[in-house]
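This document opens with one chain alone, in structure tokens, the form predicted alone.
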Amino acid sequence: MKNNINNISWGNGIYLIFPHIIPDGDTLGSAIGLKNFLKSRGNEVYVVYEGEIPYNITFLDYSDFYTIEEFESKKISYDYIVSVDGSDLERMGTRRKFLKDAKKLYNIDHHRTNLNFGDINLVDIEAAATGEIIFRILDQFDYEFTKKDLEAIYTAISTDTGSFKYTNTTSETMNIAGRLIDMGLDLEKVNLNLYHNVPLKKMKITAELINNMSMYSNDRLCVVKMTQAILEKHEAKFSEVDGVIESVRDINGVSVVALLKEFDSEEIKVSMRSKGEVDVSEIALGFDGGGHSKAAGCMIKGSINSAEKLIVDRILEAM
């Protein structure tokens, strides 16, 4: 992987960077770090995103970020597209339409389910986060990290390792985090925003979801359903309730958690977490999703109740 980083050819021109749909801390932090690096080399860069930015990550610098509609209104020709933290083309959503006009597609990711869909693939399944890969790219060019870069890359790594609690955390992960701190990262500021900034409505929704969760297989499997009705009741958005699944996973005896989000009556987003007994990435792959062995997701067409039955059957089979 490191040899691939050293040998990668970055063309000069106009870049589009695509964080994956339903963006999280890793994809957004990685996009910011890469954007600033490419701009420092004289390139014009636009980050085109799809989905809501989670409330606890809004403190990062989103200059040069555009929705699809905002970018299209500029009528800008471009040369290169970079996918960050996306395991397949589906994770681009409707932005796939831009691929036909790109000279080259870069694919930078750390998911073991990555399909190597780019013209250039920088896929390191041993990296705890795509943010680690971005750090190594910048570091090998002796890039001068700004405080905005430090915040973005630390956010990428911290969020994808569960604040360094997940087993994907390695000695290199901790070494990179230490270097970011040595470079001047305001650790207190970032952690306050990421982990101690919970809206009251999220706490109320979390309490309601836990009160109505479903348990299977002698309480080893927990299923939580986030419906549009619950969101409307609390006047909330999906981005305001991220992290609920982590709270449920902490329950003693629970091995697997599935969180079902009802985007509409016929589209359900499923997020799964495992404590190790079940490889949830294999289950996600069965629904054209992906991820890691202990954290994965997919989309299921149909009602939330039918999606629950499908995902529960697959998980119980794996258990």
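Just so you know, these numbers come straight off a predicted model, no measurement behind them. Residue numbers here begin at 1 and follow the sequence given.
This protein has a second form, the form predicted together with ligand AMP, left out of what is shown; the following refers to that one.
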> Among I17, C298, I304, I311, which has at least one heavy atom within 4.5 Å of ligand AMP in the predicted bound form?
Replying inline: C298
> If you check E208, E240, E172, D88 against ligand AMP in the predicted bound form, which one has a heavy atom within 4.5 Å?
Replying inline: D88
> With a 4.5 Å heavy atom cut-off, would you call G291 a contact of ligand AMP in the predicted bound form?
Replying inline: yes
>> Using a 4.5 angstroms cut-off on non-hydrogen atoms, would K269 count as touching ligand AMP in the predicted bound form?
In response: yes
>> Can you work out whether H111 and ligand AMP are in contact in the predicted bound form, taking contact to mean some heavy atom pair no more than 4.5 Å apart?
In response: yes
> Pick from 88-96, 133-141, 149-157, 178-186: which stretch has a heavy atom within 4.5 Å of ligand AMP in the predicted bound form?
Replying inline: 88-96
